[in-house]
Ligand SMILES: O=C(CO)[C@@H](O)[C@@H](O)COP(=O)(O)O
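This document opens with one chain alone, in structure tokens, the form predicted alone.
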């Protein structure tokens, strides 16, 4: 009997399921579900960097997408041998003693603090600063050293500490907290004991300061100096973690009935989307995988003999087995990539949304058609015009920190800036400057890896931006001065999750073997244009000047003003 697996990929805006043939990685069916509450802007306050998601968005999407692919494929339910879930991260949520999301219990249904704290939520900047200060000064182990030496407000402990301080009810009623990838895995699994449930190595190692050398999570002594509630929570979390080629349990009876599957289907340990995406793109040593969407994650693997006891500074962690068991997984990334261009698009659409749609000159149908035409063509037309601007022409210099800086050297308090504006600056000039900025931010990550002795011989791009924007990819190749190949799959993270599922089900012996058999082919390659490389290097130096000035002067001056008040 042929064997099939399902990869379930939770992104920022939607969840998608893919049903994959384990023999060759062929995609038999796919389904996408957008988060309705999130789409309506519920529970979020962007002006305060608050981004929360209701677990019902995820649960409803889970049922729809998996049911869809099972029906669409027409394969026998018993031939679907395994499911693996990947999610964004760090995106933790509070749960009660039974592992039920707090937002699904009476009294918390509309409370944003009881929901999933999305990766891009930066309400815990001050808590992250406290963690960093304590880690460097308390006299014990520096628990941030395998997380790049800087703990981010995007991560597990900072978010929990913030919620515990601003919401006494959530603090008291939350028995434990789970990363999104662990929660969905637990929801499906027949293993319903929180104390022994297999938590993700990837999530724990990269975001929760878990490491083998100190036997798990940070000590209660350390956590208690931040807040007594964290030390108490430590007892209700975990010590061991597991890689995603391992079995978390079998599909439970409730969800087998809902999805049209059997309880023989294996549920693999969960993981993060970027790391599974790297597996879907056939990651190997000395290869940088760039997952490019709203933000970026940059993933590499290296043998322990190369990394050894060395800590790579300023990245998002180095974790044994977070990508491929037996190899050290290295993570970096940008807090905004596609999001920077989406922000600019939203600014340019303001007249459309606020003037055109309120006009009395045309009827409602014409308004809607014009609005859709502008929205659908804006980025494409900006791209066409930006491509025509020669490098000899003055273009503004911009920073990509519109959502803070993830790496190198996490600092979510930083804000973006733009310079060299003039009366001759038009919308395509600014668009080109923003594309340059996200590519310059990418270059800083590549430089940091190489400065720390991690050699990069190949770059692979995956995700919507990589496949849909030759302009961005060519600019990136010129800035990096490296060839870039693009994975052909639209669903690399889901495909990677399916690969983990195949190994967990015993179809393959290990992740490397499964990845080579099932992983994505490549559809395009971009080479540096030698006539442009030097000019981009000059622009990069201007980017660095603006970055240094913004980080070292504007922030400090702002602090002086606040202190003086």
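From a predicted model like this one, the values you see are computed outputs, not experimental measurements. Numbering follows the first chain given and starts at 1.
Missing here is the form predicted in complex with the ligand; even so, the following discussion is about that form.
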Q: Classify as open or blocked. Procedure: superimpose site C-alphas, place the ligand with its pose in the predicted bound form, test each ligand atom against backbone and C-beta atoms at 2.4 Å; 3 or more hits mean blocked.
A: open
Q) Contact between residue 22 and the ligand in the predicted bound form at 4.5 Å, heavy atoms? A) no
Q: May I ask you to state whether residue 245 is within 4.5 Å of the ligand in the predicted bound form, using heavy atom distances?
A: no
Q) So in the predicted bound form, does residue 406 come within 4.5 Å of the ligand, heavy atom to heavy atom? A) yes
(Q) Although the partner isn't part of this model, could you tell me whether residue 412 comes within 4.5 Å of the ligand in the predicted bound form, counting any heavy atom of the residue? (A) no
**Q.** Options 193-201, 127-135, 294-302, 69-77; stretch whose heavy atom lies within 4.5 Å of the ligand in the predicted bound form
**A.** 294-302
Q) Heavy atom within 4.5 Å of the ligand in the predicted bound form: which of 400, 147, 182, 331? A) 331
Q) Of 88, 241, 442, 322, which residue is found within 4.5 angstroms of the ligand in the predicted bound form when only non-hydrogen atoms are counted? A) 88
Q. Judged by heavy atom distances of 4.5 Å or less, which residues of 252-285 approach the ligand in the predicted bound form?
A. 272, 273, 274, 275
